[in-house]
Ligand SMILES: Cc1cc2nc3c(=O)[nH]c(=O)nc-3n(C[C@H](O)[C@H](O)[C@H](O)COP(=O)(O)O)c2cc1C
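Quick heads-up: it's one chain on its own, the form predicted alone, in structure tokens.
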Amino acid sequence: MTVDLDAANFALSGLRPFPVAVTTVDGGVANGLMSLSAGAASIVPEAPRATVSLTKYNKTHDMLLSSGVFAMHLLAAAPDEALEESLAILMALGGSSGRDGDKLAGLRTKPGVTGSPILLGAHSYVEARVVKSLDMDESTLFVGDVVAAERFSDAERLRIGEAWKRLPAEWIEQYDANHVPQLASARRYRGLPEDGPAH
């Protein structure tokens, strides 16, 4: 059976339009990253759950696996000042590894009820304690009971397509370079050639 990968990736990417900033804390050290894998995990309105899938390549993955707590933030698309802060969050958390330094140092934060950093420049957030996790070879899927939430803005939430149009070209170039070893790691966990399929 041959899969139309272009069609599959088009369909699946449509399920994750919002970039989400995920933060956690472990042993007094805070970290975070950007994800397109976040979602809701319960239909029970009085007992919400959140999900996020993090690749094992990321330091935040190991910290969340250890601490079992995280905060998941949506970003604002407007007004202009909020959009600028959204892009600053995206670039800070998505542009480098927490192994290379404090990614949260330049961002406005407060400690959440779990100790996870809350990004005060975000649109809204939920904070959660992990109740289930699933090892998916290249990544771990975390399911958390929501223990706190707050909405800072009534504006539209920032979509990844809109964010990508506004990010500096040099940042995107660095992001693409940083993504190469992460993708190689994911392929290795899946038992696939690290450099991808032969063309």
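Quick note: we count residues from 1 along the sequence shown, nothing fancier. On a predicted model such as this, the values are computed, not experimentally measured, just so you know.
Same protein, other form: the form predicted in complex with the ligand, not shown, and the subject of what follows.
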Heavy atom contact within 4.5 Å of the ligand in the model of the complex, the stretch among 128 to 136, 149 to 157, 66 to 74, 48 to 56: 48 to 56
So which of 36, 40, 29, 172 gets a non-hydrogen atom within 4.5 Å of the ligand in the model of the complex? 36
Taking heavy atoms and a 4.5 Å cut-off, does residue 119 contact the ligand in the model of the complex? no
I'd like to know whether residue 13 contacts the ligand in the model of the complex, with contact meaning heavy atoms within 4.5 angstroms. no
Taking any heavy atom pair closer than or equal to 4.5 Å as contact, tell me whether residue 114 reaches the ligand in the model of the complex. no
Hey, in the model of the complex, is residue 123 touching the ligand, heavy atoms inside 4.5 Å? no
Neighbours of the ligand in the model of the complex among 83 to 106 [non-hydrogen atom within 4.5 angstroms]: 90, 93, 94, 95, 96, 97, 98, 99, 103
